[in-house]
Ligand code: GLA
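Encoded as structure tokens, the following chain is the form predicted on its own, with no partner shown.
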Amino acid sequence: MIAKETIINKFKSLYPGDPIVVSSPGRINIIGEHTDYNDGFVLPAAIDKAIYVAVSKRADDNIVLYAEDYQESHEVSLADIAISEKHWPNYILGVVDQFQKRGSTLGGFNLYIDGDVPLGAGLSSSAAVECAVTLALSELFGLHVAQIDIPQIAQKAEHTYAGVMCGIMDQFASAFGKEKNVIKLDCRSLGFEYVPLELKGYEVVLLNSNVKHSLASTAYNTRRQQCEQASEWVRAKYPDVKNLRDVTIKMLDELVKDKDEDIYAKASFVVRENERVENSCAALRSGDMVQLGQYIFQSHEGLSKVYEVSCPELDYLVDYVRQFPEVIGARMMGGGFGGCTINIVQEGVLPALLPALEKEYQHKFGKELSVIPVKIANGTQVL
């Protein structure tokens, strides 16, 4: 957590006036990976690591941004906003662009951004930025944006300015997070329910592989195309099928398997992962953490061997902790090819397990392992 006063003091060292300060959390996803862009189900939660945005109005029509992480500023007039080669301003300017497209009236503003969401760890710092900026500008200019609109504006900003065709999950979890609960989200209707996460002697710990992944990479977009192709083949016979959310393994066996084995494999992972989300909610409601852990392990197996979005470092981390009965579930989390594993671990046992793992990991991959304990937190809010 970064104190509100720290953000305000830094803002005032750069700009005149008192700012509005908004925080928006990063997220974890318990289970339901690569289902979101297939209109499926996911089970994310907001965490106690956040992005902080401070904003105030200007007398002119300029937008002046400063990013603490990059120690860098960016300035552009409202009339001239465009995708920046610096990359980081795009998550902010994309939101401004969305407001303009909605016909909202904005003026010039000063903005300072900082955060403690580890970058590149797959905790959706980009979604947190977009949601924080959306709420901050809504408050600053009296736009009265509804909570349900925050993730949708943020997602479109990412599509158009960051160039990543992400699903809605990250932004939704950031905007709608609730302490001690996970969100079972229907990515098609945006209907959702909170499912209590009673950890009962367990804790959630992320192990950051420190392998940086670029989500705009070809593999992510290739997976999307493969899923769309499978749906298209099934739709030819079953016209009600919009995408993999509506598809069963039986349909894939009938209409996809013989056409393309790789597309069949990728689509079958998504169908089974949707089932695991449903089953995981049932396990949570009955308080069966061990069963939840089994579904989490199964998810990793599918992500690694079938959907093929893991990497040697992530596989190693999951395989290593699997030998300890105190770790009841582990998998890679996020888009893949790097970032973190999520682990459900008995409280207090980690200090005993970590020294050997950190040493082995360093020796094998020449990288440091970062340990990130997380607590479940509330979503985007004005501080």
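Numbers follow the displayed sequence, beginning with 1. Just so you know, these numbers come straight off a predicted model, no measurement behind them.
Same protein, other form: the form predicted together with the ligand, not shown, and the subject of what follows.
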Is there a heavy atom of residue 166 lying 4.5 Å or less from a heavy atom of the ligand in the predicted complex?
yes
Does any heavy atom of residue 26 come within 4.5 Å of a heavy atom of the ligand in the predicted complex?
no
With the partner left out of view, is residue 32 within 4.5 angstroms of the ligand in the predicted complex by any non-hydrogen atom?
yes
Can you tell me if residue 338 lies within 4.5 angstroms of the ligand in the predicted complex, counting non-hydrogen atoms only?
no
Considering the ligand in the predicted complex, which of 40, 44, 334, 329 comes within 4.5 Å of it through any heavy atom?
334
Quick one: of 233, 192, 220, 88, which gets a non-hydrogen atom within 4.5 angstroms of the ligand in the predicted complex?
220
Assert contact_stretch over 141-149, 166-174, 277-285, 241-249 against the ligand in the predicted complex, heavy atom within 4.5 Å, equals 166-174
